[in-house]
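Take a look at this one chain, the form predicted on its own, written out in structure tokens.
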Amino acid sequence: MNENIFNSQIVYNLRMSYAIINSHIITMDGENLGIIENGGVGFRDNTIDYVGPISGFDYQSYEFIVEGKNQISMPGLINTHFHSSSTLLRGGAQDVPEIEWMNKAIGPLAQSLTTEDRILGSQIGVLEGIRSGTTTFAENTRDVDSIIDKSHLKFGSRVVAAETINEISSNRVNLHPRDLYEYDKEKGEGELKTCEALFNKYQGNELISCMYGPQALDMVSLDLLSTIYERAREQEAMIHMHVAQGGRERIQIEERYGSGASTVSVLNNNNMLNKRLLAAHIHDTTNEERKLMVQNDVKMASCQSSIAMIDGLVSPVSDYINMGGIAGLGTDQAPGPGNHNMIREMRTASLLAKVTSKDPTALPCWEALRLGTINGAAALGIDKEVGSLQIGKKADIIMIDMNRLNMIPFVTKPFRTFVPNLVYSANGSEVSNVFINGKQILSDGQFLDVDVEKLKEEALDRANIIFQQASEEWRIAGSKLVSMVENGFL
């Protein structure tokens, strides 16, 4: 046996050759899960060059061997809708009416965030995601290049980046629901230029791909949105946009485009429902509108925990994939669902689908796993590179320790209980090893080259300052939480 048996105390900064042996492999290759019992995965540099039974694996030819007994090896999880920069506001905007969430609850707090705060929050959010098995993040935020450079690239995560583009003022605290946002054409054009600069800046970077990020139909003019669609066609890029998120957006669309208008109807009337659109949320849509989106090959990013918390609604992701649509899962932002844990998102998506349909067979665990991996990669247009364990694909691989109290027992006959246990029993702490693009990021549950405790201390210190600075504006805004504080509930 190779003497370089994996030692979690050694730090490997460079991509090398690794062999994972004696593991249960979930490849996600094919129409099912592509399970291999007692299998192995080999990769050199950043590319997988073996996936199969251990009996046919020449693993001694690899530099380092990772023992996979009692573990699942599978593709890294794909977070298809992610706002990491507001993570320092976690816990700041839950349990409020949907109509208050943006302007009265999160808005006053967000105005106190500095660029450094947003980067620090992103670092916490990205590490949280990696720790629970996420290897690819579809980051949608403003000044996204600073988030990429100082967070994603710092920690080695794969990112599909979109610069948020909108034309409205950030000062919306005093607006009533039917007060239309004023558009600032110069602001929108400037943010579009910032977005387009990303394509040149990160061209050729194997960890970064770019999208256009118009925030939502109520936040950009049709003129600007038309320009974005044309530029996306020229770049052969996708568009990552919030679509039909809830009541606040619906009111704005009706006020601007007329009674009965909806986000989907306006997009459809302007030929903007097509294969380039990654539509986040879409829970404020009708069944017929979702059919129309599926027919036009629109991809869906489902944020089930976030929209349940913020809007009190259930994501229609089960309905969407049953119609034949392509969808992935996302965590949105920490002040919504409270986490960036994709294992939790898979479980939540399945449970909510079962409850709303009153059908315990709805969105079974195997479909949830596909949503979190290969289907999520397809929604982002990167399924030829990641999302499944196949020879020639990038080595984005996670390992799950099944020898935990909450995962025991796991059996393989007459069926494999580790599949439902992974979705319904795991909580993310079981992730033992994470490899992204062939580089090891997590070893035996510990980050390599990251001082997590220092970052946690910095985040705690800054969050206390931010909330104190925003306290007066937050009280003036008058969300439901203000009265809850006054009555001693918070």
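All residue numbers refer to positions in the sequence shown, first residue = 1. Note that the coordinates shown come from a computational prediction; the quantities given were computed from them, not determined experimentally.
The protein also exists as the form predicted in complex with another copy of the chain; that form is not presented, and the subsequent description refers to it.
Counting any heavy atom within 4.5 Å as contact, can you tell me which stretch out of 44-52, 57-65, 27-35, 431-439 lines another copy of the chain in the model of the complex?
Correct option: 27-35.
Is it true that Ile168, Glu289 and Asp319 each have at least one non-hydrogen atom within 4.5 Å of another copy of the chain in the model of the complex?
Judged in the model of the complex, none of Ile168, Glu289 and Asp319 sits within 4.5 Å of another copy of the chain.
Indicate whether another copy of the chain has at least one heavy atom within 4.5 Å of a heavy atom of Lys358 in the model of the complex.
The answer is yes: Lys358 has a heavy atom within 4.5 Å of another copy of the chain.
Should Gly204 be counted as a contact of another copy of the chain in the model of the complex, where contact means heavy atoms within 4.5 Å?
Gly204: no, not in contact with another copy of the chain in the model of the complex.
Closest heavy atom of Ala459 to another copy of the chain in the model of the complex, within 4.5 Å or not?
Output for Ala459 is yes: heavy atoms within 4.5 Å of another copy of the chain.
Test of understanding: in the model of the complex, would Leu448 fall inside 4.5 Å of another copy of the chain by heavy atoms?
Contact check for Leu448: no, nothing within 4.5 Å of another copy of the chain in the model of the complex.
Sort through Arg256, Arg250, Arg404, Lys187 and report the residue having a heavy atom within 4.5 Å of another copy of the chain in the model of the complex.
None of the others qualify; the residue that does is Arg404.
I need to confirm a contact call. Of Tyr229, Phe199, Tyr181, Phe410, which residue comes within 4.5 Å of another copy of the chain in the model of the complex, counting heavy atoms only?
Residue within 4.5 Å of the partner: Phe410.
Taking another copy of the chain in the model of the complex, which residues of 421-437 have any heavy atom within 4.5 Å of it?
Those in contact are Asn421, Tyr424, Ser425, Asn427, Ser429.
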